[in-house]
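What follows is one chain in structure tokens, specifically the form predicted on its own.
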Amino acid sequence: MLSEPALIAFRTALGTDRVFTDLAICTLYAQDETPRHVEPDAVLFPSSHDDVAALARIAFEHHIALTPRGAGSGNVGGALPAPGSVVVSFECMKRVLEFDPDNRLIVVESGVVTEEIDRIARSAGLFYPPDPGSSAYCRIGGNLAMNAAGPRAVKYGVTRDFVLGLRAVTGSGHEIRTGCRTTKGVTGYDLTRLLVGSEGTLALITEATLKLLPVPETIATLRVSYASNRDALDAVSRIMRQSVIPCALEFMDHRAIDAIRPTGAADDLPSGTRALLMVEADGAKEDVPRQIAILQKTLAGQGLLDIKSGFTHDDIKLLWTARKSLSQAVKRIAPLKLNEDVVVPISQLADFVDFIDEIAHEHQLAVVSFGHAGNGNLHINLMVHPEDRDEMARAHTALDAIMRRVLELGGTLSGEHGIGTEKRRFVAQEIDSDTMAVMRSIKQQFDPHQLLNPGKLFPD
């Protein structure tokens, strides 16, 4: 329970209209996209960097845990409040502080919606490459916390690759500035890359200076149907060995295709389609047809059933119908989705997907796999009924086996969703004790009272 002196201090620093303790508001901020629910003691709405610094100092003085939050769109519990904590919502910090097309950068507060950054950039012939699936409503602060990515990561990289510098507040309330405004700079330790992906456990990021790129002149899309998962994933390996780097290389397995069939989104797929690739190329108008021709030649091989191409906006949108309909389609299978975001080496993808099929059959589970195959990044969705205890037990046993297999194949536990609360128990299987000790010592330097987003990232 938040003490009266602490509550008064928060209200004095932020104003009474930005500090809420009533049950209705606290309930709204008690969870993210995970099914767990923990009500915070209060919800704070800072409107500036100085507000964040002030509330962090108060929290440090009163030993109050802080749970930072963007849009709450994460699905690993990264924004789940810790018991007795206070949620710090950045949704009121949504100013674009600077847009500098000449230097291809933009400076934004943490509450700016990701899609808005791209929209502003495109007004000057630039774009912001990271494109998480929730970009229409997620906020850049959450993207920074989890090092979010998306389909374009195969060519352009992830959020971390587009952060030039940060302004942030440590757990003791001190301001730090990291990085610089230029694309080259090696002065001091690279704290920028350290903070991005740290899930709010080291500092509260308030502002980000982001790198932008020129918009490609044109884009073209291929939708490629295969007779099996292995045929499609063998093609992915071929694609990633040749000279043309696609700007998207997405995979859907046979259960994903089965999920969209009732919606009609698979009606124009060839008979016998059991796996699908979405492949895109972008660049100069005169060069994209050349890239597409090379990609088509590389995609040809065992199990190929059909390749459809699109060079106009309408044709491309039509080709993406199957993939875009998947998110809603899988929700019809079962009410709860256990979404695992894992990465394995590309050469191991086919074997890994075969293993997932075996696990699904062994434990009698509905498992839908899709994702960013060009990075070896799969989203494994176990569709379950939470009221069915036996099914839930089987699902967690299956998850344990999947995580072990990921690491056996030389992979990693998360590619873009983060660790949060949901994957903490697996982390010690990937990170050795000596390395973990160094990470904990870094945490201690940034957050001496262990107040920033407790219960996340590290195992107990």
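Residue indices: 1-based, along the sequence shown. Please read these numbers as outputs of a predicted model, since none were measured by experiment.
Keep in mind that the form predicted together with another copy of the chain is not shown, yet the notes after this line are about it.
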So, Ser327 and another copy of the chain: in the model of the complex, are they within 4.5 Å at any heavy atom pair?
no
Is Gly418 close enough to touch another copy of the chain in the model of the complex, meaning at least one heavy atom pair within 4.5 Å?
yes
Ala153, heavy atom within 4.5 angstroms of another copy of the chain in the model of the complex:
yes
Would you please decide whether Leu23 lies within 4.5 angstroms of another copy of the chain in the model of the complex, comparing each non-hydrogen atom pair?
no
Only one of 263 to 271, 315 to 323, 190 to 198, 79 to 87 has heavy atoms within 4.5 Å of another copy of the chain in the model of the complex; I'd like to know which.
190 to 198
4.5 Å heavy atom contact with another copy of the chain in the model of the complex for all of Pro5, Arg11 and Val52:
no
Identify which of Ile58, Leu413, Ala398, Leu44 has a heavy atom within 4.5 Å of another copy of the chain in the model of the complex; exactly one of them does.
Leu413
Listed residue that, although another copy of the chain is not shown, lies within 4.5 Å of it in the model of the complex (heavy atoms), from Ile402, Met392, Val38, Ile431:
Ile431
Members of 1 to 23 lying within 4.5 angstroms of another copy of the chain, judged by heavy atom, in the model of the complex
none
